[in-house]
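One chain comes next, on its own, written as structure tokens: the form predicted on its own.
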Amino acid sequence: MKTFVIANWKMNPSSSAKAEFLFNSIKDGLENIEKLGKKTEIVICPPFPYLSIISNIYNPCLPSPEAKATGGQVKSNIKLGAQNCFWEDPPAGGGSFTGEISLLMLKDLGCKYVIIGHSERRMFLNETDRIINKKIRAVLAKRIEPILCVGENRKDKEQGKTQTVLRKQIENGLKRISKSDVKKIIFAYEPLWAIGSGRPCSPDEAQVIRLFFKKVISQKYFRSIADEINILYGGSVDSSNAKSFIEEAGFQGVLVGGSSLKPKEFIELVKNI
């Protein structure tokens, strides 16, 4: 299995020049990591306005002039992802869905991944499980890999409702998803109470949740399918704790927020895993 390090830049940085500098700093730093093998995949998810900028600078999902000359493609651990999408294609005659971003646009820019159901979209933009499910099915249909985020808030945790909340989000998110397609989904556990708090979930507690994910998938599909899925941890991840979520808690990678905006810290995080 691969190890994923997914950088969610959220609504940052504040200018295209800063986005270009941030990406180049990360790219240059990662190129100097000798042990970064083929099994480690770095996914950069910038805001929509910067997708084309980064795609034009360096997008290994799209053939470079050098690769075109040899009929190949750039080989890199870095892939491009989006933070959200809409579930419908633009109408043939034009018109609907003002302000939304289609998967055709994302695919044209070389996006290989898209984050779906992030806690901030659920909480502030009222995205429901039904909307999230529609997006997941649309993403899979376009052969892009969805990163499905699920997690409980502090109140849920304090009231002992963590597993109830997670089961509902997972099962509703997977409605009408086939056995073959569910293996293409990357799951990200992001406890809302840990995001941006500097107080992540402990590896032991996170491991219990990871095993619960497996249980829910096993019950809905088969244990063999549950054994194949990738589950990431997200929530105050930094260079000092990322390794513990992978080696101790058994996750297949991490979803990184604030630390992904600091090139030296992000590169150190990748080195440490």
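Here the structure is a predicted model, which is why all the values come from computation and not from measurement. One-based numbering along the sequence shown.
One more form of this protein exists, namely the form predicted together with a small molecule; it is left out here, but the text below deals with it.
*Just give me the single entry in D181, E127, D156, E120 that has a non-hydrogen atom within 4.5 angstroms of the small molecule in the model of the complex.*
The residue in contact is E120.
*Exactly one stretch in 24-32, 233-241, 42-50, 209-217 has heavy atoms within 4.5 Å of the small molecule in the model of the complex; which is it?*
That would be 233-241.
*asked:* Test of understanding: in the model of the complex, would E152 fall inside 4.5 Å of the small molecule by heavy atoms?
replied: No, no contact at 4.5 Å.
*Considering only heavy atoms, tell me if G196 and the small molecule come within 4.5 Å of each other in the model of the complex.*
Yes, G196 is a contact residue.
*According to a 4.5 angstroms non-hydrogen atom cut-off, is P13 in contact with the small molecule in the model of the complex?*
Outside the cut-off, so no.
*Touches the small molecule in the model of the complex: G253 (any heavy atom, 4.5 Å)*: Residue-level check for G253: no, no contact with the small molecule.
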